[in-house]
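Here's a solo chain for you in structure tokens, the form predicted alone.
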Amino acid sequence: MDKLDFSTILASSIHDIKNSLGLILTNLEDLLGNPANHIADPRQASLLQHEARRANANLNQLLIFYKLGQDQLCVNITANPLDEFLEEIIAENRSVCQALGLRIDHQCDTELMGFFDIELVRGVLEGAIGNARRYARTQIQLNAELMEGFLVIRVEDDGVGFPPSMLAQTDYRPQTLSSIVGTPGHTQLGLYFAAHLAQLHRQGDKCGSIRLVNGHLLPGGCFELWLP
């Protein structure tokens, strides 16, 4: 029997688990969306959906890291209407946010277009929304605008905001974050992931990046994805 590389086995297993989770999520969505079903506690079902989506997002992140390590990740840049894209992401997260007592909405010019890999950016925003759900008091907002020659997509909340230690770090390149990922007291793997995917977007001498600020349109934390 030929030897298999452990990372290949891990990637195959992740694919299988993702397929199973996808099936669970599809059935949960059908259950929650069908008024003929009388679920005793819809909030509990929505929270179950939330955890399944979170696990699925983490597995997707692992797969992307694997492809990055193997130089197998292809970036597919397409033209995307931001209003439609953000509305689609909000629709996917609305039931979970409602179960948590949170309002989620978006704000952007209806004519705004962006050029990016839609699945990679969706993965980054899903991670940011998952983080915002943990800290928001009542509201999460997605917004987008053109700024300084970049498309800036933000995920904001009305929580207490990022701690000073995170705001003090202004350099969120993957090369910088790799030194702190895995350090006791730091769990910035999601930021490392987002910074990597942002940097895969390039145009001329510009490349994508991420930033963290507090108090943009909402008073809490604000994750920014800058795309050239």
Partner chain sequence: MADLFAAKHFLIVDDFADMRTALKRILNSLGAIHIDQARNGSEAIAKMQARHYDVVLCDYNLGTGKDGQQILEEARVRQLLGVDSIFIMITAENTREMVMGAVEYAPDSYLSKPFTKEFLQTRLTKLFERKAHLYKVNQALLAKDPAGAIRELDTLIADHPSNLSELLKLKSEICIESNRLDEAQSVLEQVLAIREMPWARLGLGKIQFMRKQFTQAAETFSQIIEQERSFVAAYDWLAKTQMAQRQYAEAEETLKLAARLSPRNIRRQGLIGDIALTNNHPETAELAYEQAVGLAKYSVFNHPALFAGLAKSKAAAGKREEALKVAEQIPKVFPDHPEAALYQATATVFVKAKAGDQAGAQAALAQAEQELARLNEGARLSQHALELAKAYAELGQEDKAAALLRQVIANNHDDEDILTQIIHLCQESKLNYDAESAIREVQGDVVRTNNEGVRLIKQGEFDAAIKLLSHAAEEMPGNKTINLNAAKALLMYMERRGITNDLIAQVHHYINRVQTLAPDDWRLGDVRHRLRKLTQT
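Numbering follows the first chain given and starts at 1. Predicted model only: the values in this text are computed from it and were never measured.
The form predicted together with the partner chain exists for this protein as well; it is not shown, and the discussion that follows is about that form.
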Checking Ala144, Leu100, Ile77, Leu125 against the partner chain in the predicted bound form, the residue with a non-hydrogen atom inside 4.5 angstroms turns out to be Ile77
With the partner chain left out of view, which of Asn56, Ser46, Gln188, Gln199 would have a heavy atom within 4.5 Å of it in the predicted bound form? Asn56
Give a yes or no for Leu120: in the predicted bound form, does one of its heavy atoms lie within 4.5 Å of a heavy atom belonging to the partner chain? yes
Though only this chain appears here, would His216 touch the partner chain in the predicted bound form if you measure heavy atom gaps against 4.5 Å? no
Just checking whether Asp109 would be counted as a contact of the partner chain in the predicted bound form - the rule being heavy atoms within 4.5 angstroms. no
Considering only heavy atoms, tell me if Leu23 and the partner chain come within 4.5 Å of each other in the predicted bound form. yes
In the predicted bound form, residues of 62-84 near the partner chain [heavy atom within 4.5 Å]: Leu63, Ile64, Lys67, Asp71, Leu73, Cys74, Val75, Asn76, Ile77, Thr78, Ala79, Pro81, Glu84
Note on Leu100-Ile24 C-alpha separation in the predicted bound form, which departs from the shown form by 3 angstroms or more: closer
Cα of His15 vs Gly69, shift of 3 Å or more in the predicted bound form, relative to this form: the pair sits farther
